[in-house]
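Presented below, as structure tokens, is a lone chain in the form predicted alone.
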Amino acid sequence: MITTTDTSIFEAMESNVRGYCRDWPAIFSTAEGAWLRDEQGREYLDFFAGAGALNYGHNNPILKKALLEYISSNGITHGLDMSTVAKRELLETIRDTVLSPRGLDYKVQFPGPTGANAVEAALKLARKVTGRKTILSFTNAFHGMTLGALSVTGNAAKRAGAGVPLEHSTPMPYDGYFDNTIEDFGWMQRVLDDSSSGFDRPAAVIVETVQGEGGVNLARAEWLRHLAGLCAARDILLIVDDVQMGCGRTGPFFSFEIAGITPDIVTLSKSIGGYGLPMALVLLKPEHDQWAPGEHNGTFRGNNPAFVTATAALREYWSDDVLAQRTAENGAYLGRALAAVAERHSGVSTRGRGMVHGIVFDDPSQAGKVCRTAFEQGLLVETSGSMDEVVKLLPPLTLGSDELDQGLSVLVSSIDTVCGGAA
């Protein structure tokens, strides 16, 4: 039983744009690991993890220790793009734990602190490098809520919020958009190579290897390799948006590692800061680093406390493959459990990779009902997809086996309740 919560101050003072609080009517006060607690002491198992910003859990003690030590030593907090000790240590750690072991040679750009900032920078850079304007994106894509990011986002409702025409982008079918009955790349290749198609060669293609907001849609490794080859053969830059699916969410550090490709540009945010502090990065091949000093900037691109927690997270979790293996094992376990419950109900299916999974409902209204029922039982999950027909799971990568089982138990119970027992 949920105790009545007084939300009047939020309703009176906060903009109508607020969203998650409407689905989860609680006033949260503390958090630790995979758990949140409201001010009345009720606990909630978090299978949302800050929309993927908390891969290492809430108030991770290793990251918290590094942060508190840095703050207590009067370390730089706001640094713009000045050189600082915290930034030096982060760059060295990215080189030594992430890039060099994977044979990757990227320059690191610090844009503003959000994923949308990183996407905006990537789009601008691609246009600057190629001298072309158009960006190819994909059906059901989501890249952020700023104008450039919205121009390559598929969702009509989100695009409508721009209030102005969203230009210089063209959508293409994502892997599986035609249910594998039509070759996805046929149209793209034809219009790119036909001088009479009326289609200008684009500056770049931007893609998510797993579309989280779009409904947990998975791109096959062979599809990604085909896309990378198509771009390379036509002098089109390939941008991988790893804002939500990077930092180990799908298993390896980068979600594109399964395909063995090397994008021209990679965007990172959300869990790259480790602790939930705002931070974003753009990784770019050195030959594409054609920015003039200050040509893309932002007041809060130098969030040094986030540099500190990012460094601690990379050293703790990415100096070996323990977390990646654990994510793969837990993801396989999660997938099997969800497949079993889907088999019991008609109109329910599941898909996922690593520790991002979706339960898809032919009746979209059931997804929202499952989320509400789960919340009443102390589990936080959200919907995604073009019609909010998918229950999306993004648990912290560090949660324990017992917590995974507990969350699955609540989720299965909620699905059974909403769908009315076995088919």
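All of these numbers come straight from a predicted model, not from anything done at the bench. For every residue, the number given is its place in the sequence shown, counted from 1.
One more form of this protein, predicted in complex with another copy of the chain, exists but is not displayed; see below.
Heavy atoms of R159 reach within 4.5 Å of another copy of the chain in the model of the complex, making it an interface residue. Looking at R315, you'd find every heavy atom of it more than 4.5 angstroms from another copy of the chain in the model of the complex.
Although the partner is absent here, M145 is a contact residue: one of its heavy atoms lies within 4.5 angstroms of another copy of the chain in the model of the complex. Contact annotation for S197: at least one heavy atom lies within 4.5 Å of another copy of the chain in the model of the complex. The candidate spot formed by L54, Q109 and R127 lies fully in contact with another copy of the chain in the model of the complex, as each residue has a heavy atom within 4.5 Å of it.
Residues with any non-hydrogen atom within 4.5 angstroms of another copy of the chain in the model of the complex fall in just one of 394 to 402, 365 to 373, 352 to 360, 26 to 34: 26 to 34. With the partner omitted from this view, the residue of I76, A221, V341, L230 that lies near another copy of the chain in the model of the complex is I76 [heavy atom within 4.5 Å]. Only one of E329, D289, D320, D235 lies close to another copy of the chain in the model of the complex, with a heavy atom inside 4.5 Å, and it is D289. Residues L67, L68, Y70, I71, S72, S73, N74, G75, I76, T77, H78, L80, D81, M82, S83, T84, V85, K87, R88 are the members of 67 to 88 with a non-hydrogen atom no more than 4.5 angstroms from another copy of the chain in the model of the complex.
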